[in-house]
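Take a look at this one chain, the form predicted on its own, written out in structure tokens.
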Amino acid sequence: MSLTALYDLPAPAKLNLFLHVVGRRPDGYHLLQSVFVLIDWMDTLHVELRPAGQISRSDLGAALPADDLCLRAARALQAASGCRLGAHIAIDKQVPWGAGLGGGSSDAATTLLALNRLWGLNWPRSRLLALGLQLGADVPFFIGGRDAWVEGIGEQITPIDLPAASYLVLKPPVAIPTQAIFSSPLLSRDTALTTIAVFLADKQRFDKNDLQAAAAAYSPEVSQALKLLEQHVGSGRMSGSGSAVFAEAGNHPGAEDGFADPRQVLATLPVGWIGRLCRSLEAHPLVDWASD
């Protein structure tokens, strides 16, 4: 029996455990090295079949731009596949945008995985990855579905196994445009190349985000958020191009090691701030929705 709808589809956020800018291509794209980790802060999508080819979207949570990445993903898959079917996509948006958490890219990836199944295309993951890269540098990671070492402009993805962890994530009310960070004169682009083996041998050394200085100059609230983490949980860093920051929270049942219970930090955030105590995910919940 053919499918007519897919409900309660997760679109998890990610954290960059570190982010190095190691160069720049002649076309202006920046070359990165990073480790991406999936976390349990998620948007939820509901996708219903439309037979006449129309693509539409409704917002169940925070309002999205009129032409967001999930709509662009649906149209791109429709055009690339020649499919004459359409879809209506409803999104309960919980992951804040302008945060460096990959929320829009994750929505696009879940859209591609869902429509690949709903439209009966059965594209392999490799084909979805290539299409996802045309939409945004982070989209292929979410299609890959596992924690990963990421290089290039986001297209070179190597899955890695990381231990389960908890993270305290804080999002000040500012949304930082990615372009403003990558065009900042404060951005260094010459961090030395490293390897997966070096990272796995000493993860504690990898605590730098090369975009952080530019983001802090763009918004002092980034620095304020980092100070909150340092005071209450331990040293933190920014994810992606910001403005969200995070620190590993361990298994805090309460105060220990001289730091506060992360839940107490969340209860005292300034007005307009968002915070979550998140867990890492073993894999994307839809990782098996595309064949390798």
Ligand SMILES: Nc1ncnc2c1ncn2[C@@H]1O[C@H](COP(=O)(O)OP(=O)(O)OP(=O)(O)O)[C@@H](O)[C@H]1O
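Please read these numbers as outputs of a predicted model, since none were measured by experiment. Don't overthink the numbering: it's just position in the shown sequence, from 1.
We do not show the form predicted in complex with this ligand, though everything after this point is about it.
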Does any heavy atom of L101 come within 4.5 Å of a heavy atom of this ligand in the predicted bound form?
-> yes
Heavy atoms within 4.5 Å of this ligand in the predicted bound form: does I176 have any?
-> yes
So in the predicted bound form, does any heavy atom of P26 sit within 4.5 Å of this ligand?
-> no
Taking heavy atoms and a 4.5 Å cut-off, does R117 contact this ligand in the predicted bound form?
-> no
Has each of K14, K93 and D107 got a heavy atom lying within 4.5 angstroms of this ligand in the predicted bound form?
-> yes
Go through A247, V47, L69, L38 and name the one with a heavy atom inside 4.5 Å of this ligand in the predicted bound form.
-> L69
Stretch in contact, per heavy atom within 4.5 angstroms of this ligand in the predicted bound form, of 93 to 101, 156 to 164, 196 to 204, 78 to 86 = 93 to 101
